[in-house]
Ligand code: F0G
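So this first bit is one chain, no partners, the form predicted on its own, shown in structure tokens.
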């Protein structure tokens, strides 16, 4: 009988900080495809795969961390979970709160959320609070709320979020048989690059500053190595590249429009310990990468996700990609999250034809 996927906590229980009898809140997250990308391989001279996190239940990688964070909330007295969000976190928090029987509150920057993501938070019944400010203002407010009221914070500053997110690295190794040489990720709040690094280290028998629960050294190593971690930020929201917070971050990639990442230090450690780098790409490069992946690989992603693809292509053009290297690019969210950006500038005026096969054949130049 085929194995039925059980969600990341049950699949990787021995590597997560939960007891055997602890309650688990899951929507079946994880187990996402690792898709070969020949079009990217031919452009870079490497063997490139795309980890398609948009296949998670709410359409983004956030579900991996949310199953862990919300499951941990059940051990507390909190009845409300709160998050600051540029979209994907709000969708995930609201959905998992429903599954857990909890209420959710979303602190969001007014007018800065893609409609698809906002719709998800609304249909799952989240209490929305729009702030006249950016993500960093929203996170400050969310932190202060949870410090002074019976509310649980489920942003990536919650260490249980990273515990769930590290499982994506386990899946990559399980699929490839070992760690890749290079792993490329978009960087916004910087939790994901930190979590992947933790996961790769633990699968190789190491622990990191963010590790929790059972020591990785107590378990048999699965990977023989760890990859270089390459992080990619948007040009107008690149605090890790610039070395200082960006007061008013701007980019079409709303998912990574963050000027003061919560996991800044952990991301720097991932970069430095892996001998990797963090760079930035323009909005034009992001949108071109989004279009390329859809047209030539068959994977439709939101703009924030495309930063990893754009960063890899930029590195290849600069001669920074080792010939024949095995590379994984994480694409973090489904393209259906933000269709308006994907369709911007395209001619959607489709002239109808008469209802005959002959007319259809003429229209297709057959």
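Numbering follows the first chain given and starts at 1. The structure presented is a predicted model; accordingly, all values stated were derived computationally and were not measured.
Although not depicted, the form predicted together with this ligand is the subject of the following passage.
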Legend entry - Partner contact for residue 135 in the model of the complex: this ligand, 4.5 angstroms, heavy atom: yes
Legend entry - Partner proximity in the model of the complex: residue 30 to this ligand, non-hydrogen atom cutoff 4.5 Å: no
Inset, instruction - Answer for residue 86 alone: is it within 4.5 Å of this ligand in the model of the complex, judged on heavy atom distances? - result: yes
Inset, instruction - Would you check, heavy atoms only and a 4.5 Å threshold, whether residue 302 touches this ligand in the model of the complex? - result: yes
Legend entry - Proximity to this ligand in the model of the complex (heavy atom, within 4.5 Å), stretch among 71-79, 87-95, 273-281, 199-207: 87-95
Inset, instruction - May I ask you to choose, among 169, 286, 258, 154, the residue with a heavy atom within 4.5 Å of this ligand in the model of the complex? - result: 258
Inset, instruction - Please pick, from 164, 188, 180, 231, the one residue with any non-hydrogen atom lying within 4.5 angstroms of this ligand in the model of the complex. - result: 188
Legend entry - Within 55-71, the residues that have a heavy atom no more than 4.5 Å from this ligand in the model of the complex: 61, 62
